[in-house]
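Included below are structure tokens for two forms of one protein chain, each presented in isolation as structure 1 and structure 2.
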Structure 1
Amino acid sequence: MKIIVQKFGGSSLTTREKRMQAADKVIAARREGYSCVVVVSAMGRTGDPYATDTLINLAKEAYKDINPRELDLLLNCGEIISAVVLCQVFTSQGFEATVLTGAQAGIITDKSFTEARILKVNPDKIIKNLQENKIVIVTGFQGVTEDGDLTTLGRGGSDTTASALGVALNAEFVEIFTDVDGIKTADPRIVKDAKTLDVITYNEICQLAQQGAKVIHPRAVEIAMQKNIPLRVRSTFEDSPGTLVTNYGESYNTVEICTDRLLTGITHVPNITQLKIFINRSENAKGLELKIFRAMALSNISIDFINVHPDQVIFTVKDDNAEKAIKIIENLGLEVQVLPGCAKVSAVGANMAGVPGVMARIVEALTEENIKILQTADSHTTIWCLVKKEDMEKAVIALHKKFNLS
């Protein structure tokens, strides 16, 4: 039995016509001899009747603070509606299909309501239905604790469901269907001639996703990578092959790789505040760095762009966490310089490691556009630049052009 997992996002299921196009992708795979497991998200986006944000806002009309356990009960409804409606589409086409919730599909999670992590998957019920020649539709984004409480996996959780099922079922591959034709070299709303990538490594797509690209959730990629399950990001509404996510070594036989491609893509994250904390190196300053970072951790504030110097500590937080972070620092008796309205622009590429001159080209591109670099950081596959938010789009376009990514 050759199994594939196909995940459809909410934008692929909002209308009858779109649901028919999604069903056609599954039926085509069936005709190629695959047993199909279909993972669905809630229909639509904010404002649509059954979208996740719509359900949240409905509950908040009564009281703004929702208990996380009860919130997860509510949020399970959106995917169930999508799954049952899509099941009817297959039935109308003469195919036998069945719906399983995350719990029924054997997805066991921890008790971190609204942000649960998958502990294990027991796919026996899915396999039984596949052996009966059924199309199995699984509600994405959800699971169940070992003592029976329903949970959700956080935003992008349907991608995670699809990858986890792909690994548990030893699938041939996992297809992520969306409303774009694959993973692009930059956000096409900013860079009009952004190119759709034929192939990308697991590591590169993780970096792109973590640094702002929203096509696939990085956790889904990490899970698939553990068992080398290939991912393909495709459009529900086109017949293009999309972008293959795998190891380069496994893709040479089928995809022409441009070995001189230093960068894979440019991403961006807006709405960031830079905090610069000044430390007077007196006897009382011992261990201040630890106190700062520990205080941020205890307050559940995620920090980024971390630079530690003898006389100062610099890092960034999201704008909506800035006020809270500033109060924490001031309560420690420290002086903080605040720079709001920043953005992070990231250059990602597996081939840049060890190559001289990459940073020089980045600085050159930004300098030519009179864009001030506020802070930088790097890894083997990514170089990050902090710029003012008003320079963000101009920086993305400049870097995309400098590295000939179109």
Structure 2
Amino acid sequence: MKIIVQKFGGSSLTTREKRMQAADKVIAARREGYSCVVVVSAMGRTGDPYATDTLINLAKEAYKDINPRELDLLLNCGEIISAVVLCQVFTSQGFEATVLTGAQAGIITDKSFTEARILKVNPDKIIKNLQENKIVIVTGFQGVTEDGDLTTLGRGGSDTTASALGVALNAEFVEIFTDVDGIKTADPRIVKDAKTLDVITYNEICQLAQQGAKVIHPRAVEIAMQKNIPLRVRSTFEDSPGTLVTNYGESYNTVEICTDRLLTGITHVPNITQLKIFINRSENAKGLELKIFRAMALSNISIDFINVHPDQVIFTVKDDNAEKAIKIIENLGLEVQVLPGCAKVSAVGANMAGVPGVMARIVEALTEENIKILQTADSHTTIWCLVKKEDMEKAVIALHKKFNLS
């Protein structure tokens, strides 16, 4: 049995017409002899009736705090609605199709409600249905704990479901269908002439995804990479081949991987707050840095852009966590300067390591646009700049242009 996993994002499933286009992609794969496993997200985006954000807002309307276990039960509904409605499209055309929830599909997770990690997949039920020649539709983003509690895999987690099933079923391909024609050199909503990449390595897309390119979830790439399952990111609404994600040095259908690009792309993450904590060394300041970082970790606050100086500790948190972080610091008796409304803009590229002049070009691009750099950080593959949120789009466009990525 040659298996393909095809995942459709929420934006591909909002209308009857779009669901028909999605179904056509599945039917085309069946004609090519594939047994098809279809993974779906909840329909639509913020404001749409059954979208994940809509369900979250519904739950938090009356009282902001909701138990994560109950929230996960509610969020499971979005993907179930979407799967059943898509199933109808297949059955109305005479195909045998069946819906399995994450739990029914054998996706076992840990107990971290709303951010659960997949522990194992038991695909027996999927295989049985495929052997009966059915199209199997699996609700993305979901799992179940060993105790039978329903979980979700974190925002954007349907991609993770698709990859995990791809690995568990030893699929020939995992296809991620979305509303753009592949992985691009920047978010096309900001850079209109961003280029679609034919091929990209697992490492490159992992970097882009981790730095904010939400076209695919980074965990989905990590899972596929472990077993070398080729991923393809493509449009539900066009026939173009999209972007192939595979290993460095491999080639598929004569598409050779480009090995010499300096930068893969520019990414952005808005809604960040910078915190500057002042340490007065005349007082008993020994171990204060450790206390600060431990307190953040204990409260589950992820921190970024970390700079430790003798009299200052600087880092950023997501806006959502800012209030909590400030309280923790003040409770330690420390003075903190808060800069809300920031954004992280990143230049990502596995081949930039050791190449002189990359930082100079970044600073040049931003200075030419009068964009103030608030902080920077770098690794072998990424240079990050913290800017004001109102400068974010301008910064992405300027960097994209400076590195000739179009």
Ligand code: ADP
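Note that the rigid core is defined as the largest set of C-alphas that superpose within 1.5 Å between two forms. Given the structure is predicted, the values throughout are model-derived calculations rather than measurements. Residue indices: 1-based, along structure 1.
It is structure 2 that shows the chain in the form predicted in complex with the ligand. With the core held fixed, residue 316 shows a CA shift of 2 Å or greater between the two structures. After superposition on the rigid core, the Cα atom of residue 368 is displaced by 2 Å or more between the two structures. After superposing the rigid core, the Cα of residue 91 is displaced by less than 2 Å between the two structures. Note on residue 327: its Cα is shifted 5.0 Å between the two structures, core used for superposition. The shift recorded for the CA atom of residue 306 between the two structures is 3.2 Å, with superposition on the rigid core.
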